[in-house]
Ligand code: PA5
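Encoded as structure tokens, the following chain is the form predicted on its own, with no partner shown.
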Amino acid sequence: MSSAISYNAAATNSLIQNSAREQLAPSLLAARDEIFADLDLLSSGNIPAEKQPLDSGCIDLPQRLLTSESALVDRMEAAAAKFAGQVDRMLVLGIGGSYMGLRALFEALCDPCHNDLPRELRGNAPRLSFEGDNLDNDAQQALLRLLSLYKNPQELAERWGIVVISKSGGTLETAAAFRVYRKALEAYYGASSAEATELVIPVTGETGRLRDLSNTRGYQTTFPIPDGVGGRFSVFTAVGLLPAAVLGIDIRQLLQGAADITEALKTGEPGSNPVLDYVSTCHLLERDHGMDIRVLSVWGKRMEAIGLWYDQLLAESLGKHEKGATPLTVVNTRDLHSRGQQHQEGKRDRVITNVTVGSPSTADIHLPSVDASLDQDQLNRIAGKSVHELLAAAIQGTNEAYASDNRPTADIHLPKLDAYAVGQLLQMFMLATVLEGRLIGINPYGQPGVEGYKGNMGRILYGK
């Protein structure tokens, strides 16, 4: 087994007494029991009204995909390998949970310059473009203009295809983009060509508008979004796994990391379990000290999209009944030069959780020494140190500065940024969000507040 991620909240001890954690423990463990009991309710189909909606399938999904449902993983890997060999650009159309999870995986686990590299340095994976995640005319035109530069559909370097992701098919942003880019794809390859149906892969529910269109159009490869898994919890369905596999990401290691931390939650105890301890820390600081802003401080650009994915997860799950903490993602050291002032001397309404990585994924860069005549920047004093050592000094120095003013921080540490650790981290956040919802009496599933804008937009556009 790969090394596990760890959680350390020792820096919060000045505000959270051991007695408070001990008093919370029975309620925390009861909430844990509830989220695993929800799996039995979901499978029985006898879901009481107070539990509706119940999308708890994300809890044990990673383990099921590694065992009883492994044939689906086999099929995703085979389809991904075929698609990657057919195109040099993959358009992924989706919004919210149908977009943010893959973006998190892509930025964390693929080369930061992936789209700019020649194909052989991308592991023979296609380039990636996102659309359908907004209503932005200029962005869509820019991508259409880029695709119009492709002239020869027989050349691999000029071939592109679509993965469209929507459980219902009724989300306007994605449906509208799919119509636009489907028209462009059919114009390029020919509406009656084999490519017009081969190079579109819908990922959708078993019923709904996109499923109906897929059946009518005869798309050769489709993948399901299972019932019982909500959109923002769907990263370990084909929503995230299929396009991740196209990009060459090891989806079995993602699932293994997620399955292992789920088992750790199921069997662990407060004080030695990252999910329980993360929820305990955040809940007590919010309840007892009014710290209702959750700053996820990721120390590296490649983890920014993980933070943005978590922003949606936390806000949409717990932002109900005038409750719920406000998530905020920062990337350090970049954002020390923007938000750092407020975190250090602003309102005492936030807890900062650092996400750090033990070692870089690539060879260390060391600061070179220069001739004394060129040492105007005075960096010869630290010549020979690696960029990772500079980052470590920034992490330590920042945390010491916060501690000196009794501003709480906690740390999530990944041994390295690989598929196993990222699988653990994403599942940890999903488990923690569901756990906290049950702890505070909020249904973490469903997003009734989102339906308001959709209904109004439909009335304005369709007159209904």
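Keep in mind the model is a prediction, meaning the values are calculated, not measured. Counting begins at 1, following the sequence as shown.
A second form of this protein, the form predicted in complex with this ligand, is not displayed here; the remarks below concern that form.
Given that the partner is absent here, state which listed stretch (326 to 334, 292 to 300, 88 to 96, 178 to 186) has heavy atoms within 4.5 Å of this ligand in the predicted complex.
Of the stretches listed, the one contacting the partner is 88 to 96.
Given that this ligand is left out here, which of R122, R232, H343, H283 has a heavy atom within 4.5 Å of it in the predicted complex?
Only one listed residue qualifies here, and that residue is R232.
Taking this ligand in the predicted complex as the reference, which of N273, T356, S168, T222 has a non-hydrogen atom within 4.5 Å?
That would be S168.
Is N443 close enough to this ligand in the predicted complex to count, meaning some heavy atom within 4.5 Å?
Outside the cut-off, so no.
Using heavy atoms and a 4.5 Å limit, would one call Q253 a contact residue for this ligand in the predicted complex?
Q253: no contact with this ligand in the predicted complex.
Partner contact for T197 in the predicted complex: this ligand, 4.5 angstroms, heavy atom:
No.
Flag T12 as yes or no: does it have a non-hydrogen atom within 4.5 angstroms of any non-hydrogen atom of this ligand in the predicted complex?
Answer no; every heavy atom of T12 is more than 4.5 Å from this ligand in the predicted complex.
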